[in-house]
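Just one chain is shown here, as structure tokens, and it is the form predicted alone.
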């Protein structure tokens, strides 16, 4: 009876995943192995043309650019989120600071992008200040380049990194930092040799929560970037709406999905080992290592 009740509890979730996740994924997989239709869509004929077309140098160049932008944006996001999460964890008013982190989620994604356009645009807030300070200046072109895309991506996904880092740091025993300092470690050594190894799971989670959505970003490079900021998400959209090459769009989507899935599984396989090292480690040994040099 209990097993039946448990199955009934999970049935809505199973149906949701089947209808809105597994079924669309199966359709994309099937489309990627079919032939392109003459006027769009697909023809019921097995073909590997879509995967062969992915070897196009232009697509490979965009894939490399997407990977590079994603890695840079993820690293910058983690570097900014780490001190933010630490500050919130050590603060006495955590609720207020977490509220300020979550507030951007209440605003539409596109509204936040257009807000950055209003700030960085040729007639934007920053250029207005530049013209006021230096009359006659033509201003600076901040938009429509890769660094503008990276900046806005970091802003967009920063909360996704702050929250898991805060959750992990908040559980950390901060007396270990004081003990490491008493044993002779510098402030920097106590952070890098005691704090960081014990919050590694939070760092990994924050990296995944940031890298995976950035790797498939579409709206930010479309509205903020230029020709040199084209990413795989934009190619997928163009293949669906402009050239109407549904098999190629499906093949690229499957490649992106498979790549991120493999990354998540690799991290998941390493995570138990890392957690065992972190939580089973002797605190006195960690402190001695921090103060031994």
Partner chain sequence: MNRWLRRLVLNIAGFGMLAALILTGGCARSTDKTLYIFNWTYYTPDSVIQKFEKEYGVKVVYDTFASNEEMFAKLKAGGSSYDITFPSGDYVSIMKKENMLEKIDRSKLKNFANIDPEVLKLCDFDPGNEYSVPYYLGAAGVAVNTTKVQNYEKSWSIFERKDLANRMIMLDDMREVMGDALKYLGYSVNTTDQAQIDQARDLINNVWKPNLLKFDAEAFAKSFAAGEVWVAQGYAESIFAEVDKSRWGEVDFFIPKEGGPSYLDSMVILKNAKHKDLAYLFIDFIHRPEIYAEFCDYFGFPSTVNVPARALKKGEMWYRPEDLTACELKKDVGADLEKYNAAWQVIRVGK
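It should be emphasised that the depicted structure is a prediction, and the values quoted were computed from it without experimental measurement. Numbering follows the first chain given and starts at 1.
Not pictured, yet referred to below: the form predicted together with the partner chain.
Within this chain, residue 114 lines the site of the partner chain in the predicted complex, having a heavy atom no more than 4.5 Å away. Residue contact check for residue 69: none of its heavy atoms lie within 4.5 Å of the partner chain in the predicted complex. In the predicted complex, none of the heavy atoms of residue 34 sits within 4.5 Å of a heavy atom of the partner chain. Using a 4.5 Å cutoff between non-hydrogen atoms, residue 223 counts as a contact of the partner chain in the predicted complex. Contact with the partner chain in the predicted complex, defined as a heavy atom within 4.5 Å, is made by none of 75, 130 and 186. Looking at 107-134, the residues that come within 4.5 Å of the partner chain in the predicted complex, counting any heavy atom, are 114, 117, 121, 122, 123, 124, 131.
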